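Coming up are structure 1 and structure 2: the same protein chain in two forms, each one given alone as C-alpha cells.
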Structure 1
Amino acid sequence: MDFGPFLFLATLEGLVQAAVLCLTALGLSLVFGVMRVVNVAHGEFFMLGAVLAWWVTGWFGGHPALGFVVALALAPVLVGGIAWAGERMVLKRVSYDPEATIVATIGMLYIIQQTTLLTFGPDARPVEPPFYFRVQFPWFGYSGYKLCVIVAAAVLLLAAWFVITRTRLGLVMRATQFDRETAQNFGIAVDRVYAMVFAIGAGLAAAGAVLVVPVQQAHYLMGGDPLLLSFIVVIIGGLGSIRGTLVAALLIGLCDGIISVFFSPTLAKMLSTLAVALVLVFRPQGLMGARQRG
C-alpha cells in the first residue's frame, strides 16, 4: 500500500481511538473540574463498562445488535450507580480531601479490579459487533462499525455538551465548580452534585468502553491504558477545562493511532508522556487551562 492510503488508514484508526478517548477523558475532566478529585479508579470504570457489556450481550440470543443496544443503554447506568455508591461510601466520608481521595480511589481501583476477576474470571471476553459491513474506499475496505463508533461518540459528546451548557443540571454543576461555598449559600446541595458528577464521569467512561469492546476484548486488566491516556489528555488540555480536554483527546488519539500503525504502540505512549512533560515545563496550566493566581 502506498504512503497516502496507508496514512489515511492510520488516520481512521486514530479517529476511532480519539472518539473513545474523548468520552473517557471528558468523564475524568468533569470529576476533577467540579470536585477537584483525582480519580485514579477511572480506568476501572472503563473496564467495568466493557465487562458488563460482554455480560449483558451474553443474555440475548438472536441478532447481536439487540444485546449490544441494551448493553450500551444499561452498562453506563450500572457503572454510574456503582460510582455513585462509591462516592457516597468513600469520598464523602473523607470530605474530598485531595490527598485522601487519591488513596481512596486507589483502593476503589483494586476493589473493582479484583471483584471483576473473582466474578468473571481472568479470560479476555470477545463481544460480537452489532453488525458487519465494510465501507469501500478507493484503496481498501474499512470496518463500518468502527466508523459508527466515531459517529456514536460524537453524538454522546454533543449530548454531554448540551447537558453541561444548556440545562439546569449543567448550570448547577458549573456553579459548584466555580465556587462551592457560594453555591451552598444559594441552596445547592453540593454533596448531591458531587455524587451525580462522579457517576456521570464513570458513565461516560463506561459508554466509551461499550463502543470499543467489539473492536478489542473485555478483560479485567484493560483499565490501565485508558487511565494513562485520560490523565495525559487532561493535563495537556488543562485541568478542569472541558474544551481543552476534547481538543487534547482528539490530538492525542490521532497521534497515538497514527504512530501505533506506522511504528509501535510503545513509541506512541512514550511520545505522549514526553508531550506531558513539555506542557508541564512550558505551559503548566495546559493548552486551555486557566493560569493559577498567586
Structure 2
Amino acid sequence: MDFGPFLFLATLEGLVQAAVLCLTALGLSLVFGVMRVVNVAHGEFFMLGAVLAWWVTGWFGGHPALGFVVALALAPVLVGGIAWAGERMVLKRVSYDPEATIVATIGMLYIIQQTTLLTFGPDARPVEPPFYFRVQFPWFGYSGYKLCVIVAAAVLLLAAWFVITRTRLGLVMRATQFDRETAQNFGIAVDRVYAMVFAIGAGLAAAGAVLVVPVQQAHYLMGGDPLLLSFIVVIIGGLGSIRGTLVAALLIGLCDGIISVFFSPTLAKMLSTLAVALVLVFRPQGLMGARQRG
C-alpha cells in the first residue's frame, strides 16, 4: 500500500480510538470538573460496560444486533447504578476529600476488577458486532461497524452536550461546578448532583466500552489503558474544561492511533506519558484551558 492510503487507514483507526476516548474522557472530566475528585476506578467502569455487553448479548441470542442494542441501553444504566452505589457508600462518607477519594477509588478499582475476575473469569471474550458490512475504499475494505462506532459516539456526545448546556440537570451541574457553596445556597442538593454526576460519568465510560467491545474483546484487565488515556486527555484539555477534553480526546486518540501504526508503541507511550506529566507540572490549566477559579 502507498503512503497516502496507509495514512488514511491509520487515521480511520485513530478516529475510532478518538471517538471512544471522547466518551470515556468526558465521563472522567465531568466527575473531576463538578466534584473536584479524581476517579481512579473510571477504567473499571469502562471494563464493566464491556463485560456487561458480553453478558447481555450472550443471554439474548437471536440476531446479534438485538442483543447489542439492548446492551447499549442497559450497560450504561447498570454501570451508572453501581457507580451511584459506590459514591453513596464510600465517596460521600469521606466528604470528597481529594486524597481519601483517590485511595478509596483505588480500592474500588481492585474490588470491581477482582470481582469481575471471580465471576467473569480470566479469559478475553469476544462480542459479535451487530452487523457485518464492509465499506470498499479504492485501496482497501474497511469495517462498516467501525465507521458506525464513530457516528454513534458522535451522537452520544451531542446528546451529552445537549444535556449539559440545554437542560435543567445540566444547569444544576454547571452551577455546582462553578461554585458549590452558592449553588447550595440557592437550594441545589449538591450532594445529589454529585451522585448523579458520578453515575453519568461511569455510564459514559460504559457506553464507550459497549461500542468498542465488538472490535476489541472483553477482558477483566482492559480498564487500564482507557484510564491512563483519559487521564492524559483530561490533563491536556485542562482540568474540568469539557470543550478542552473533547478537543484533546480527538487529538490524542488520532495521534495514538496513527503513532502506534508507525512507531514502537512502548516508546510512543513512554514519551507521551512523560510529556503529559510535564504539562501537568508546568501548565496545570492544560494546553487549551483558561485558569479555573479556585
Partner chain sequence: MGDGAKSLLLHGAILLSLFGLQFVLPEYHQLAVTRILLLAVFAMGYNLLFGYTGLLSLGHAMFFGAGMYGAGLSAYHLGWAVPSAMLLGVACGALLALLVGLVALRTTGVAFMIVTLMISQVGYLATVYFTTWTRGDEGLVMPEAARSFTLFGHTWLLTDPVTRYNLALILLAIAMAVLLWVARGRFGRALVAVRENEDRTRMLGYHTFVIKLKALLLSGAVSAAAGAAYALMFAYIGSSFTTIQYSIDPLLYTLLGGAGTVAGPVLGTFLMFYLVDYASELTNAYLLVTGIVLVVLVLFFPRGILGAIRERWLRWLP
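As the structure is a computational prediction, the values presented were derived from the model and not from experiment. Residues are numbered by position in structure 1's sequence, first residue being 1. We call the rigid core whatever largest set of C-alpha positions still superposes within 1.5 Å between the two forms.
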Could you point me to the form predicted in complex with its partner chain, 1 or 2?
-> 2
Inspect the rigid-core superposition and answer whether the C-alpha of V279 shifts by 2 angstroms or more between structure 1 and structure 2.
-> yes
After lining up the core, report the Cα displacement of M270 between structure 1 and structure 2 in Å, one decimal place.
-> 2.5
